[in-house]
Each structure stands twice: as C-alpha cells, then as structure tokens.
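One chain comes next, on its own, written as structure tokens: the form predicted on its own.
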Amino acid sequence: MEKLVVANLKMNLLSLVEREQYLKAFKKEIKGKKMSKAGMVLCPPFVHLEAFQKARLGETALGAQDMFWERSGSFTGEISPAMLKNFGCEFVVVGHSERRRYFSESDEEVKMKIAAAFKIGLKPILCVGETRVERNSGQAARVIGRQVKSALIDLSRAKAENLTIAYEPVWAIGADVTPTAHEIMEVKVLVRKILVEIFGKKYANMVKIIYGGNVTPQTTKETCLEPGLDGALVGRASLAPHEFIKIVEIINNN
C-alpha cells in the first residue's frame, strides 16, 4: 500500500506573490525526484486551488482543507464537494481539530461531510485526536473511538480503500512536543481494531492511518516510521517546500 504525505497549508499564502514563490520553490524541490512509495497531497486555501491545479506539480494530488456537506444552495461562505471535485481536488480533509475547536464542528457534521465526500468521488482524510486534558484524564481512547465510530459507522466496506484516518493529538499541533512512538502505536492499534469492527479485517486493512502533529524531518522517524504508520499530515513544515519534501523522502525511502 502506497504511503501518503499530506501538506495542510492552513490559512497561509496571503498574496499572489507568496503563492507564486511557494509554487516556484516546490517545483524546484521535486525536480528530478521520484517518490514511488509515497504519494503527495497539497491542500492549499480555497482561493489557491485553481492555481495549484494548473501548476502541474509533478505527481502531487490536490486536496482541500474542508468542505460543506451540501452540493449547492443558499449556504453563504461555504464550499461544496462538487466545487472541489470540479476544480481538480482528489482529497479533502474532514474533522480537523481546528475545525472542531474554533468552529464547534460536531461528530454529526463530520459524518455528513464524510458521506458527502464519498458521494461525489472525493477521498476523505478523517482527523481524530484528543486534547491534553483528555489524555491526562485517561479519556484518549474513548474520545478517539467515538470520533472514528460516529464518522464511519454507516459506511459500506467498499469505501474503505479510499479512506485515510489521520491521528492528530491536539496537544501536539503547533507545539514543540510530540507523542512517543509507543503512544502513537497504541492509537494505531485502537483505530485499526475499530475499523475491523466496522468493515471487517480485509477491508479495514485497506484504510491508511497516518500521523499529524508537529511533523518535521527531525520527528518523522519517531512519529511515522517507528509506529509503522502509512504516512503523515504535515502542518507548519509544509509551508517550506524543502522541509516537506525531506519528510516525503524519509517516508518514501523507509
């Protein structure tokens, strides 16, 4: 199974100049490089999707950072799955901790977005994870289990091969701390067990489980390779193309 490395550029690249500088740097970094074992997904802000799609950045796929669950209609300010699909997106991030935290996104809303993504032919990247308080109080497994089950419980097993789950401990995002390889492995085992309950073992093994949260070239081995994960969801480091490509190379070569 090919691994997956996702760049979440978040609310950055504030101007046309910044965007063009990023695209130029990214093209330079990937020139002549073959990543046969690790697929790359770039998730820029909505306003840059068309430019990224037209930039033809090698073998990279295009993804979105979020979406609404309705196809069209009177939903001011929202982006529909049909829009994403028609502008070249293959993937979409759903349920990111920042959406849950700052926009009060509920488990039910995440479930509807997952269903809408699959309906239009997008590949969702479902984010799950616990806060520091939840981990310290022994609630991590309960929280992550609830998030996974509520989002996927009604999905058919045929959807499994196009699903990715990103474990992003909220307390590690944007911080200079990382969970241990053992802590990440525990979550991987938990999530895989839940997937088996939902899809059965054969189809559960088709789902990619990746890690997100302070992923850098220096932390990739501990957070992605040692726990045996299927890739990474990269935040801050993805804003520097050379850092992001280093991460991809490390995962591709191991």
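A residue's number is simply how far along the shown sequence it sits, counting from 1. Predicted, not measured: the structure shown is a model, and the values here were computed from it.
Not pictured, yet referred to below: the form predicted together with a small molecule.
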property	result
Contact label in the predicted bound form: residue 236 to the small molecule, heavy atom within 4.5 Å	yes
Partner contact for residue 130 in the predicted bound form: the small molecule, 4.5 angstroms, heavy atom	no
Contact test in the predicted bound form: residue 63 vs the small molecule, heavy atoms, 4.5 Å	no
Close approach of residue 8 to the small molecule in the predicted bound form, 4.5 Å, heavy atom	yes
98, 168 and 215 all contacting the small molecule in the predicted bound form, non-hydrogen atom within 4.5 Å	yes
Interface segment, criterion being heavy atoms within 4.5 Å of the small molecule in the predicted bound form, picked from 108 to 116, 90 to 98, 69 to 77, 133 to 141	90 to 98
Proximity to the small molecule in the predicted bound form, single hit among 126, 172, 184, 152 (heavy atom within 4.5 Å)	172
